[in-house]
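Here's a solo chain for you in structure tokens, the form predicted alone.
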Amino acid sequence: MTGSRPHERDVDPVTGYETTGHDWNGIRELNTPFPRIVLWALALAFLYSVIAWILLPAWPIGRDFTRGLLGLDQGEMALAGYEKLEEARSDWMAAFADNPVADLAADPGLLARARPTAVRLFADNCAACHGTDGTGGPGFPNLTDRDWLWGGAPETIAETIRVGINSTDPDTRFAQMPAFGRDGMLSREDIVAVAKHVVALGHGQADPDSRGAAVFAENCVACHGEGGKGIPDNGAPTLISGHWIYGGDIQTVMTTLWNGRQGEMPTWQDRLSTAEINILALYVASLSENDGERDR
């Protein structure tokens, strides 16, 4: 009877590790042991996950989740942080709620302290329409020039922010340009003529004796004023500054005359506090300071 031969170990002479017995064209596969540091890392990671599942919020339960033994809640933590921030700035924020906007504008120290808050409020609530720098865009007024639809005094801006324009607020500012073409108020020939006149007004080249000037005097002066200077109390923009809400080329002006315009700004009094509205108003008023002295 022949006994079995003991297993002969095949050891790599360079590394000292055994091989698996696999050979690919003279390349032998080493049976390298799994690194101990990796095993320790896996064990520690598993231990940490167990501890975290027990102590921290982890498991979803329908629309809720387990709070863990520590009872942590990020929503409550965020609210606590917000309340702490409100408490820290309550001393100077109260001034914006309790004093007239005109008086606040005369306090440069207070304005400087509120500016970071004003920048954040503008970015969160106004930049989506008026742009991050306030220069507006098609359909949205530029807030950095001197042309104001309802007036550029801080207290006037505050009122505009509070009630909105063509908004759902019962005290909203209201403005609408009629659809002169669609509703048959003017013929196409008259619309072409007055469109050319309006474009010329924007370039300071209007002919007062033209057919367009006559159509303008009969249909547009009541809102836009003599010579197209605008009437802020009506929310009617100036037509002579070269700053356009929808565009000043002939085709856009004709579209405006044909279909009319009715922009909309929401009321913010249900979302922002009185202090925040006043801070925003003062910030918006300051945006046009580099464009010369504002017309009040």
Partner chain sequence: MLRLHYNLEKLSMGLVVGIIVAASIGGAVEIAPLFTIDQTVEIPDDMRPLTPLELAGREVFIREGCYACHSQMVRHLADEIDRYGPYSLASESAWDHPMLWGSKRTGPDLARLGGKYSDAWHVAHLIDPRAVVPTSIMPAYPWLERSLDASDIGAQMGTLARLGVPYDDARLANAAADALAQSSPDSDGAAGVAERYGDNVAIRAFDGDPSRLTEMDALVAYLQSLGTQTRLPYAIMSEEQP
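Note that the structure is predicted; figures quoted are calculated from it, not measured. We call the rigid core whatever largest set of C-alpha positions still superposes within 1.5 Å between the two forms. Numbering follows the first chain given and starts at 1.
The same protein has a further form, the form predicted in complex with its partner chain, not shown here; the description that follows concerns it.
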* Asked: Candidate spot Gly81, Ala128 and Trp268, all three in 4.5 Å heavy atom range of its partner chain in the predicted complex?
  -> yes
* To do: Indicate whether Gly75 is a 4.5 Å heavy atom neighbour of its partner chain in the predicted complex.
  => yes
* Does any heavy atom of Glu264 come within 4.5 Å of a heavy atom of its partner chain in the predicted complex? -> yes
* Using heavy atoms and a 4.5 Å limit, would one call Leu39 a contact residue for its partner chain in the predicted complex? -> yes
* Asked: Within a 4.5 Å heavy atom cut-off, is Phe140 in contact with its partner chain in the predicted complex?
  -> yes
* Structure fact -> Exactly one listed stretch (106 to 114, 205 to 213, 218 to 226, 81 to 89) reaches within 4.5 angstroms of its partner chain in the predicted complex by non-hydrogen atoms, and it is 81 to 89
* Asked: Quick one: of Asp183, Glu189, Asp124, Asp98, which gets a non-hydrogen atom within 4.5 angstroms of its partner chain in the predicted complex?
  -> Asp124
* Asked: Using a 4.5 Å cut-off on heavy atoms, which residues of 37 to 61 contact its partner chain in the predicted complex?
  -> Leu39, Trp59, Pro60
* Is_shifted Glu76 between the shown form and the other one (CA, 2 Å cut-off, rigid core) -> yes
* Asked: Would the C-alpha of Arg67 be classed as shifted by 2 Å or more between the shown form and the other one after rigid-core alignment?
  -> yes
* Once the two forms are fit on the core, has Arg36 moved its CA by at least 2 Å between the shown form and the other one? -> yes
